[in-house]
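One chain is shown next in structure tokens, namely the form predicted on its own.
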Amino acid sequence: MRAVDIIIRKRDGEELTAEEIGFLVKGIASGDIPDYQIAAWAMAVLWRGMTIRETVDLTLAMAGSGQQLDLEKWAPGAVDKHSTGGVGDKTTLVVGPIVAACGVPVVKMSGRGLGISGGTIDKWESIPGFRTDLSRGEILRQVKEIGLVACTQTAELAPADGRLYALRDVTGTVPSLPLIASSVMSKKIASGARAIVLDVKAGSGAFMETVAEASTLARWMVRIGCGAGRRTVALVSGMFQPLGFAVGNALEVREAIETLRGAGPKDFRGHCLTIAAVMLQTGGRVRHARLGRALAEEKLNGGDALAKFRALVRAQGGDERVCDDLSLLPATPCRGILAVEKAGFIAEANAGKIGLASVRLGAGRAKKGDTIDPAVGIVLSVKVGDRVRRGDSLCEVHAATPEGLSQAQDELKGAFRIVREKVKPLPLFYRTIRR
């Protein structure tokens, strides 16, 4: 078998066999197939596509190219959750503790942020002392002891995908749906959970800008998950405006803790409860999502979820006092508001533009390897549909320098649109996709 023959078959629109895909993935992982041939194959896939069967085979082969966890032995019934990324999306910090407090184990392997999509690991690491680089043994021991782990994805997890993604990023082949879906799902399958819930974002602050595009991606990932023997459900949610009010790592941790205390923004709290309910249903803890929501609310309102969050922070070396004293989180020396210039109703709070402003403040990375400032960011004061008066605050900017503050305020003026007519609030979710 030769890589060039596989490239030619896909170039000509033929369906590859499981053996051919396995050969290709093995060569990608080992380095035996050169970059130019991998790139040529990826371009052929971009143009010709893949069937669901091919994509499932690709996903399983990439999941099997490295280390895999067997959570059923250590944490029976574990459920995994994945978001395609967005602005202000700190959902994992609240949902993980809620679901774990309900008795369902959660092992959440996450990445660092790149571009406007914030990284969950960066948020966790803004808690003083919190460690995310756990070994396989530490992960399994901790999930058995407290039922909850938050850690980085290791290089040993689906290594073929890591090499393939790096090449896609520089060869114009990122927008291939089969390659996007298999990239996400290969890591989810290698992570070991038998139940997977996907939060697929649509909007200006998401990878998929429309609900239709996000729904297509969600269907692909659900089909892959189910085809690989995982119970998989996807929710298509909105990212046309930031989720919650806080955008920026320590600011988002603050908002997450406030939510676990029983407060927090209404939209963020509702989003977390919906995701938690579907996780509890998919994981087999309850029969119906409405029962899952009731159980999730009980654990959130009763303080059990906050206690689980505290146990997680303690187990991973973080300063658990942040649960009681939010002033222990990193903070900036410069703060200032962006004021409303004319009265009316908020018609747009563009998540993409707000996310880009936060990156330029230092809350995110323009490229891999960039350092971030955990303290900087933006805290919104409004949501789409809100009525505002001249002089009200649109948002508060948290900056490291006066120059950064002034630049962000100028940049953010283009993120908000105010109209005279009343505007309806945006929905949190658009649809649920099952097998």
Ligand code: URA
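Worth saying up front: this structure is predicted, and the values here are computed from it rather than measured. Start at 1 and count along the sequence shown; that's the residue number.
Only in words, not in the display: the form predicted in complex with uracil (URA), which the text now covers.
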Discussion item. In the predicted complex, does Val211 come within 4.5 Å of uracil (URA), counting heavy atoms only?
Written reply: no
Item to complete: Would you check, heavy atoms only and a 4.5 Å threshold, whether Phe207 touches uracil (URA) in the predicted complex?
Response: yes
Discussion item. Leu295 versus uracil (URA), in the predicted complex: is there a non-hydrogen atom within 4.5 Å?
Written reply: no
Item to complete: Examine Leu71 and determine whether its closest non-hydrogen atom to uracil (URA) in the predicted complex is within 4.5 angstroms.
Response: no
Fill in: Listed residue that, although uracil (URA) is not shown, lies within 4.5 Å of it in the predicted complex (heavy atoms), from Ala347, Leu326, Leu291, Ile180
Ile180
Worksheet item: Between the options His271, Lys187, Arg163, Arg285, which residue brings a heavy atom to within 4.5 Å of uracil (URA) in the predicted complex?
Response: Lys187
Practice prompt. Within 4.5 Å of uracil (URA) in the predicted complex, counting heavy atoms only, one of 94-102, 163-171, 347-355, 259-267 shows up; tell me which.
Written response: 163-171
Worksheet item: For the stretch 322-359, which residues lie within 4.5 Å of uracil (URA) in the predicted complex by non-hydrogen atom distance?
Response: none
